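A lone chain, given as structure tokens: the form predicted alone.
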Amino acid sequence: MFYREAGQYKTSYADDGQIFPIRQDRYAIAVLLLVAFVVVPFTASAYLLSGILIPCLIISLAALGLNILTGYAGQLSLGTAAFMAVGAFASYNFVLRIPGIPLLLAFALAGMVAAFVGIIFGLPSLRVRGFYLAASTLATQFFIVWCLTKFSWLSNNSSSGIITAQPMQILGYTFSSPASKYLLVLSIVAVMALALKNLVRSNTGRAWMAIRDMDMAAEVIGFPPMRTKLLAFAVSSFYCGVAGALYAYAFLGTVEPDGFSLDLSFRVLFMIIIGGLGSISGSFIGAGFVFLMPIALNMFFGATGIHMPESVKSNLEQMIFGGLIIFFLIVEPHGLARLWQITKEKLRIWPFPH
């Protein structure tokens, strides 16, 4: 009853083309952002900010990047962590080699470097698809990590290959506390998520979805497959590159190849499968679910008094992830985001039957 658009009239094309056409959605997003920007930094503990919220937001940004490529453009990729590594090392070298460069500009340039690398490794998508494309992106993961390990210049000739990220300074202010890092990460993620929301509603987004649904038919009606696929790889890699830079600077505090392993690529893939392919909100829901589920399991074991070795807990988490992926692929391929969408549709006509 409270989620109906009755009486909300659209009198212009601008009103009809709003990102959130229902007033309740606009209010909900405004309240959510207000709580995230104003309440959380002053009430959350340092552990909650540094250990959960910051990495969850950063991985959500990487999930957005993968969702562009896999969810919207239909190109399967297993190299998300590799593009994140490119962004992390590129941002480090921009700050190191160009004195006085603004940090946000370094992050943007790192994303552009990752986009360039994504275009190069996206070329096989013009000839192969499905499993073969996934295999080629998997090779990307190993090749980029090998390059970052082999060429010591990228790590400033560090003997261990592990380097400390420079302090995050913007306009003379150093983002060193958990609250300040959280606000910086939240601001970047919110802006990029809003930009993506607009992008997928444009001609570019429609071209991606046309290629995803049937590339031959899309080509017939005028969507060029080569440009559309490579643009998807570029934009996806840009988002992953910025996420990698934030992952190194705001979360890890170090820049190292081992921080961007294949396991991270699979985790991001699990997030968009569980959260919802082709859904911006699904990227955030999936990331939150993947991060919060181990904490919920620990709380459950603590409340019930069940003592279990850490190795068993880790294996149990993997089993649950695997079971959930199979469940969503069979029962609801569009993930948790689709379940939330169905819930909102039912609220719009409640208490009347569907």
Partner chain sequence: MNWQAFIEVLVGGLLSGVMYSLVALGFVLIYKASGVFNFAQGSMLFFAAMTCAGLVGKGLPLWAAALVSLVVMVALGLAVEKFVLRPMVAQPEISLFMATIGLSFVIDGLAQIIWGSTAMKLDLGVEDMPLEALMDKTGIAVSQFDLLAAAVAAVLVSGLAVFFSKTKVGRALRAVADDHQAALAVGIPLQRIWGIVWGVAGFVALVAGMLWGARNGVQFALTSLALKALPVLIIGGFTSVPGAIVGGLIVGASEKLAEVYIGPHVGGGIEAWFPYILALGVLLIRPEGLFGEKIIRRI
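Residue numbers count along the first chain shown, from 1. Owing to the predicted nature of the structure, the values given are computational and were not obtained by experimental measurement. Rigid core: the largest C-alpha set superposing within 1.5 Å between the two forms.
One more form of this protein exists, namely the form predicted in complex with its partner chain; it is left out here, but the text below deals with it.
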Worksheet item: in the model of the complex, does each residue in the set 179, 247 and 251 place a non-hydrogen atom within 4.5 angstroms of its partner chain?
Response: no
Item to complete: Report the residue, out of 298, 45, 318, 304, that has at least one non-hydrogen atom within 4.5 angstroms of its partner chain in the model of the complex.
Response: 318
Worksheet item: Considering 273, 103, 189, 109, which brings a non-hydrogen atom within 4.5 Å of its partner chain in the model of the complex?
Response: 273
Worksheet item: Heavy atom to heavy atom, is residue 116 within 4.5 Å of its partner chain in the model of the complex?
Response: no
Fill in: Contact flag, residue 173 vs its partner chain in the model of the complex, heavy atom cut 4.5 Å
no
Worksheet item: Does residue 28 make contact with its partner chain in the model of the complex, using a 4.5 Å heavy atom cut-off?
Response: no
Fill in: Contact label in the model of the complex: residue 259 to its partner chain, heavy atom within 4.5 Å
no
Discussion item. The chain here is shown without its partner chain. Which stretch in 120 to 128, 251 to 259, 95 to 103, 280 to 288 comes within 4.5 angstroms of it in the model of the complex, by heavy atom distance?
Written reply: 120 to 128
Worksheet item: Though the partner is not shown here, which residues of 141 to 158 have a heavy atom within 4.5 Å of its partner chain in the model of the complex?
Response: 142, 143, 146, 150
Practice prompt. Look at residue 342 and decide if its Cα position differs by 2 Å or more between this form and the one not shown after superposing on the rigid core.
Written response: no
